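Two forms, one protein chain; structure tokens for each follow separately as structure 1 and structure 2.
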Structure 1
């Protein structure tokens, strides 16, 4: 039986934030959620998240999962105290207990699997991950006797000679839970920090083993915003390298960010300052950017999107969008269409070969095939209480500065006069126009300004 305990009770004071440390995000996902997702890949029988500071916020952040249980550590008196609380809350201490911190978001499933394999193959009481650091300042030092760990000394408790040891404790442990439970309550806070250290269990157990791994960044803990940024950069580099090896070109890689869930086809060019978030799929031969944001959307073949924003929408094939367009959620732009300068589309469907080229708002609308929307067109969809729909049939020509007061239903091949306010439905092959008669007053004198 495999149980997992994730330590997530600390305040994270060095983050200088009102948000619990483990809820800070990298690449759109919280530190804690990243650790949980990694642990789930090990198929554990149960996962315990030990919370303390703002425990309700931490619990609310995690999607419901039958395997995940929360344990509150209050007050927070150290890592050893956290496991004392866990052992008291949980009556059965069967099998293995894997313990790791909620602020080590880059740890890989394979590294944890290697730790579990070492633990089982050597029948260890405790196995832990160690690594050598060029500058080990701030980390507990691990002292070996042959293949076994003799003791671990925390940084603040090290003397000058002990500080020269470069082998450090990464804070990831695998215990025989039964053996751990027998000695966990004997731990004391006889140290400079007056905390109960989990590391003190090593000297109390007979068979303590070290799994030394290369320090490749996956063991990096997050204690401040600098380290948060470093982890973000590490993840982004891995994501973008994967896409580049699969045929994607980044014009300025450092200025872009890509979510881990995003799919990008071959021969896509990502221009500078482009950000692709969430479950976005971009098909082959597209040019995306510069200065473009796309989230939870699908972009079809051979599209060009420049200086624009797309949220939760479907963009079909051979479409040009931008510059300075805003595609809001639940929109579908069909193939060979064009969305131009300063156009906003919201909750609307545009059929094939539609054009909305300039300065328009299309909301809650259905625009027929090969219809051209003139500059400055607005669908006035809100009556103060409800949203209403505008329908415009195919092959229609909408004059500049037309306002549709929804609900409106126009037939096919309808033309509207420029500057019209359309309040009534119109049949196929008709002209809809609404204007007051122009009046010219001759010899008109403007009133002089009272101020000089």
Structure 2
């Protein structure tokens, strides 16, 4: 029987934040969610998440799962106290209890499996993950006696000599739960932080073992925003390396960020300052960026998107977007289209080979195949209360600065005169024009301004 407990009750004072520490995110996912997702891969029988500070907020952030149970620790008197509360709340203490700090988000399932293996094969009372750090500042120092851990001393309780020890406690432990519950209530808080330390259990148990692993970044704990950004960087490096090995070029790797879920095809070039977020798929031979943000969207083959933002939309093949366009949610741009300079598109469908080249707003619209939207065209889709649709048939030619006062339905091969305000539907092959005729008054004398 394998049970997991994740410690997530602390405030995270050193984050200087109104958000609980474990809800801070790296690469779009909270620290706590990352630890939970990793633990689920071990297929445990049950997962206890210990919450306390802003517990409602923390619990709400986790999607429902039958295996996950929340235990409230209030007040929060230390990591040992958290487990005292758990042992009191849960009556059965069978099998192994794997305890993880909720602020060590990069721990890998394989490392946990190695810990469980060591624990079982050596029949340990407790086994825990340790590593030698070049800079161990802030971590509990682990002191060995032969093969066994003798004690762990927190940074704040170390004397100068103890502080020299570079072997640190990663905050990840496997206990024989039965043995742990027998000693858990004898922990004291007679230390410099006046807290009940979980780490004091190792001196109370007999067979305490250390699994020393290489310091490859996965054991980084997050106590402040510097460590948060270090973890973000290590995760981003891994993601980008994966894509580079799969045939993606990064022109300026450090300035780009890519979500873990993103899929990127071969021979895609990611230019500087480009951010691919959420569930996004970029197909082969695209050039994305510079200065581009794409979230929850699919981009087809051989597209070029520069200096633009795309949210929750579908961009098909051989399309050029930008510079400076904003494609808002629920848009579909069909193949061979061109969305040009300073164009905003929202909740609209553009058929193949459409062109919206300059300075337009197209909202709630359906634009037919091979239709050209002239510079400055605007759909006035909102009447102050409701949004309305604009429909323009295929092969149409929309004059510069046309305003469509929606709802509007134009047929196919329609032309609109430049500067027209279109308020009525029109049929196939018609010209729609609404503007006053130009008047030329000859020999017009300009009024002299008063100041002259």
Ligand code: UD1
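The term rigid core refers to the maximal set of C-alpha atoms that superpose within 1.5 Å between the two forms. All figures in this text were calculated on a predicted structure; none of them were measured in a lab. Residue numbers count along the first chain shown, from 1.
Remark: the form predicted in complex with the ligand is the source of structure 2; structure 1 originates elsewhere. After superposition on the rigid core, the Cα of residue 155 moves by 2 Å or more between structure 1 and structure 2. Once the two forms are overlaid on the core, residue 442 shows a Cα shift of 4.4 Å between structure 1 and structure 2.
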